[in-house]
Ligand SMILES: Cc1ncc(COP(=O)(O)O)c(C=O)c1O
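Taking the form predicted alone, here's one chain by itself in structure tokens.
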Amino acid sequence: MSRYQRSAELFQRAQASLAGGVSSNVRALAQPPLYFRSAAGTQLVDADENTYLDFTLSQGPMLLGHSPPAVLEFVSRTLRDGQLYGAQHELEIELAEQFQRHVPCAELARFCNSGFEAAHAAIRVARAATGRAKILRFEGHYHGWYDEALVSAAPSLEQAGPGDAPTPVLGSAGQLASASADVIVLPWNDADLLRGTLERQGSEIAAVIMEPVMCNNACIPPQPGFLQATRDFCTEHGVVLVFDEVITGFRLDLGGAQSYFGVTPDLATFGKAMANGFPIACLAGARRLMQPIADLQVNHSGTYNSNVMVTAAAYATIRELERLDYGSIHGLGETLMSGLRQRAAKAGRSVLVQGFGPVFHLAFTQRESIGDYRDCLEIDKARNSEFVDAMLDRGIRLLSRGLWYLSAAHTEADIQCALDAAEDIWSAG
């Protein structure tokens, strides 16, 4: 622990003034939670002056890498003229126009401060448009921590109930039982079960909401044809299809997962990579659905919505992403994924690596694939934690849940460094 002594001291001090010593429950999982002083490109420096090669990218936002000069300079220059007007400014129009150019569903957009706000707005819009109450979601998908969203995001097998009719499970103390009253939960990637549910209850369902890639648990890709089938079922039954692209948006492709897979939802939410670490999110969608917001029938408000700092960051980030070679980042990530598989096999380790170049998952499991949330429950989390800790000691920072993120700043040398560290761990037993 002497390597992390200063972080441990700061964490002990923090517990006297911060609930749990942190400002997000996820950050309390590391022991001790690390404190950082600086970041640039792919490198992080902590309070003990340890340097790390970063594959967490702050839970995904830093698609351009840490502290990209073009973004920081544009934000700094823009802020000199003002920070918050409580009114409109031209840059938010230009940002919305960027969304229209690149995101297939984005006929109109509204900006807010976090992904869960955007998801909440999407559900409200869907209910207003359809006059229906129920929301259909999938086990293991995450759409934020507000009451109605935090349902069956990470249930135990005992709580989850039958595989073909999952029990809606609340995720937090303090949630009212009524939070799940209008939520239908299904397993991911089962088109037949989804079709049958919509045939029986479609007239009650306002929206189907999903991560188009199940990034929050094992980075599970959609089965071939599943997204298009969902699109067709929703159209047939007048249900609003919502893609939660808070992670996949701008990461898989400039137009998000909907562009990457060629399936256009009615509404989509964005956050994380759209501003490279600045706190902004977006609800974008078809004009017919967004019009009730424009007509002030649906309330969508916020003092800090589209403030100058975050709008400038998002505009500058997307401008940089317009120049990004997405093929390169996909290729580099595929090289890392393939290398991890090869090094694990060489050492006789049962490791499953799945996902996409810019975001993928490494799991310690005997399974050859993970296709839904319940498959995730077979992952050996203890072995994963040991691996993450061992990588950290070798200067490679990973997320405890096994998700790896790549940025435009990562190089072939970074990939080789990560592979060598993994091989060293696995070879040592």
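Start at 1 with the first residue shown and count on from there. Model, not experiment: these values are computed from the prediction.
In what follows, reference is made to the form predicted together with the ligand, a form of this protein that is not presented.
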In the model of the complex, the residue from Val246, Ala122, Ala314, Leu252 with a non-hydrogen atom within 4.5 Å of the ligand is Val246
Pick from Glu139, Glu211, Glu92, Glu148: which residue has any heavy atom within 4.5 angstroms of the ligand in the model of the complex?
Glu211
Picking from 297-305, 93-101, 68-76, 112-120, which part of the chain touches the ligand in the model of the complex when contact means heavy atoms within 4.5 Å?
112-120
With the cut-off set at 4.5 Å between non-hydrogen atoms, does Pro221 touch the ligand in the model of the complex?
no
If you check in the model of the complex, is Gly357 within 4.5 Å of the ligand, heavy atoms only?
no
Contact label in the model of the complex: Asn216 to the ligand, heavy atom within 4.5 Å
yes
With the partner left out of view, is Gly144 within 4.5 angstroms of the ligand in the model of the complex by any non-hydrogen atom?
yes
Looking at the ligand in the model of the complex, which residues in 290-328 have at least one heavy atom within 4.5 Å of it?
none
